[in-house]
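Next up: just one chain, as C-alpha cells, the form predicted on its own.
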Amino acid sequence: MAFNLAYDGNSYPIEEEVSVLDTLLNQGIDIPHSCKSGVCQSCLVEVVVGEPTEASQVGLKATFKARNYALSCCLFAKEDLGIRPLNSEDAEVTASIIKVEALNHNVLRLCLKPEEEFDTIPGQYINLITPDNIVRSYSIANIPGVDGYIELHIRVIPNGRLGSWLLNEAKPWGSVKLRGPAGECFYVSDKEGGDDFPMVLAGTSTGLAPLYGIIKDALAHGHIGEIALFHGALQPEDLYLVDELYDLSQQQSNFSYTPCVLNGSEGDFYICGDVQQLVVEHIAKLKEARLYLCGAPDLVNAMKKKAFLSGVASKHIYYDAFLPSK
C-alpha cells in the first residue's frame, strides 16, 4: 500500500516497506544521513503531518520526541506523512576547531570548542556536521566540562569524505555544527554498592575514544575498583595513545592498560593475540564486572555474547557499535 510523503513543497509516493530516508534518496534528494541503521541520529527530521512511529524515535532525547522529531531511516509510513528538515537553531550548536593533530598513521584528534552550553557525558557520541553538510557520528574522548573543549578521534579512511575535509579544508577556528549527544555507554557510579566494582573496557581502532573518556570520567569520580583497558589492533601502527595510557597506568594504581595486536611480534610492547580472548580470560577472574565495548559491530556483538556466557549480567554490559557510513 502506498501513501503520500510531503517534503519541501513536493509530494512523493511512499511504500509501507520503504523508509522515509530511502524514499527521498530514491528521488534524488540528498538529505543528511550516515549509518542508515537508527544509531547515529544524523538523519533526524521533524514530522509535521502524521505521527512519528515508536521505532523512529528510539534513543532520542525527550525534548526531541516532544517536538515530533524522528529518525527518517527508521520511519515507515502507516499514513500520509509530511516532514521537514530540523530547525538547526533548536537541534544544533556551533563549535570552533581549536586543534587537529595526528595520533597515528590514520587517526586524527579533533578538538572543538562549542560557542554555547552543550551538555555531554564522556563516552557518548555526537553528530559532527561540516559546512558542506557532511554528517558523521563520533564519540567523546575527554571530559569537556573540565577541559573546556570536546575531543574526538577520527579514523581517516581512503576516499572518506569527512577525513578528506579535515585534511584538506578544515581551518583553525573554522566552524562546524554539533548535534546530540546520544548513547548510553558512559560511566555510572553504583550508589548502592559503592564505586569499587571492577570495570573492563575493550575496543578496537577508534573504539578507544569513548573508552578513554569513560576511564577519565571514572577516575575523576574517584572510582576505586579495578579499571582494565584492552585496546586491540590488527598491526602495531594501528595503536595510538600508547605512551599516555602507559603513563596513566603508572599514576593510577587501579588502572591497567593492555595493548593487543593480532598480527605482531612476540616480546614487543604489546601482547600478540585476539583481544576478545584476552578480555574473556580476564573477565573469568572477576565478580560483578561492568563491561564497556566499543568498535566494529561484529566484534561488539561477539564479545557481548561471550561476556554474557562468562557470567557478566546483561545489564552490566554497555556498548556502542561503530557503524560505517552509507
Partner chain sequence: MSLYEKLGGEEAIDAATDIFYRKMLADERVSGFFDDTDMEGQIAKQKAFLTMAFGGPNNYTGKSLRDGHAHLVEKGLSDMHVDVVIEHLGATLKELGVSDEDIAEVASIANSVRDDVLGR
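Residue numbers count along the first chain shown, from 1. All figures in this text were calculated on a predicted structure; none of them were measured in a lab.
This next part talks about the form predicted in complex with the partner chain, which is not shown.
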Non-hydrogen atom within 4.5 angstroms of the partner chain in the predicted complex for each of 220, 221 and 224: no
Contact flag, residue 312 vs the partner chain in the predicted complex, heavy atom cut 4.5 Å: yes
Exercise: residue 319 in contact with the partner chain in the predicted complex, heavy atom 4.5 Å: yes
Interface membership of residue 12, the partner chain in the predicted complex, 4.5 Å heavy atom rule: no
Residues within 4.5 Å of the partner chain in the predicted complex, restricted to 280-305 and counted by heavy atom: 304, 305
